[in-house]
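There is one chain below, alone, in structure tokens, taken in the form predicted on its own.
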């Protein structure tokens, strides 16, 4: 096995890890803000992919150009989900955690079932996109262009999240996360902040869905695997830490890719869970967690 092949696989793994990180960032933001684990996160990723597919077939608009549109649609869906479902679960006095779990898990089942009813269970894909089938060659290393662009967009998402944290609303998010009862005394509407925070987290997974639709198959169950990786990334990086989600996503992508070189590719996720178990035993709160 040559050094060029190892480098190519490693870089590809890091680029895929950036996409994993964007999926995990939305999940981590929601948990860090209101201590709610969104079990519909994978289903929302799937919805974003189908939205991209439908818009492409109806208008011919390239998936890459759909990024702002789908992000806005998912942001609105996230705010709506918070207003209709999550805000009510947060008011529950008894067994609140279980109510939140069943609510988001039930939403996931509903979304998957609705998509199966509308589109069937067959695998689908987007053909004829600008990035489709193209590669980038640097020396002896060849990378798929959709993956390279996806990695670049993912970095821009994290840059945007970092800049958001420095704005007045970002400070309101942080203050609400620290003590939502205290911020109410200075006129900050907790529900408004939570709703926008849920919208931002959902928009993040929507962006990841558009990126994946460029080179990954689309089916009602496609979100399950990515949600599982996102949960591991959030736990590995630290619950509520956006920086932790980025580092963990990169680590997961790299370990997954290199593991596939050593053993059967169908077992490539073994490396991910071995790393996770090691961190769990040595640092249960994750690399950057506050818990």
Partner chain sequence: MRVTRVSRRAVLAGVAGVGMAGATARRARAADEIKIGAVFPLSGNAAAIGQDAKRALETMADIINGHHDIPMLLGQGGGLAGLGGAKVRLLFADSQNNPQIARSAAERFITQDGVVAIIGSYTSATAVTISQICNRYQIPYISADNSSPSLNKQGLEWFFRPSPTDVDFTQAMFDFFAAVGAKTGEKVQSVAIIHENSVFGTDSARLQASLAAAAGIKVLANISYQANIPSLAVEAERLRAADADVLMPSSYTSDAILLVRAMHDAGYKPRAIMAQDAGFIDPAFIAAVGPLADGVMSRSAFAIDAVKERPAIPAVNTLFRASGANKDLNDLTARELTALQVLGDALNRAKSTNNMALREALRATDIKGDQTIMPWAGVKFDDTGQNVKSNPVILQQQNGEWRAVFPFDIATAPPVWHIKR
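Residue numbers count along the first chain shown, from 1. Owing to the predicted nature of the structure, the values given are computational and were not obtained by experimental measurement.
Note that the form predicted together with its partner chain isn't included here; everything after this is about it.
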query	finding
4.5 Å heavy atom contact with its partner chain in the model of the complex for all of 121, 216 and 269	yes
Its partner chain: the contacting residue among 232, 257, 70, 251 in the model of the complex [heavy atom, 4.5 Å]	257
Contact assignment for its partner chain in the model of the complex, among 142, 92, 165, 192, heavy atom within 4.5 Å	142
Proximity of residue 5 to its partner chain in the model of the complex, heavy atoms at 4.5 Å	yes
Partner contact for residue 265 in the model of the complex: its partner chain, 4.5 angstroms, heavy atom	yes
Proximity of residue 14 to its partner chain in the model of the complex, heavy atoms at 4.5 Å	no
Its partner chain contact at residue 280 in the model of the complex, heavy atom, 4.5 Å	no
Which of 74 to 82, 98 to 106, 197 to 205, 122 to 130 sits within 4.5 Å of its partner chain in the model of the complex, heavy atom basis	122 to 130
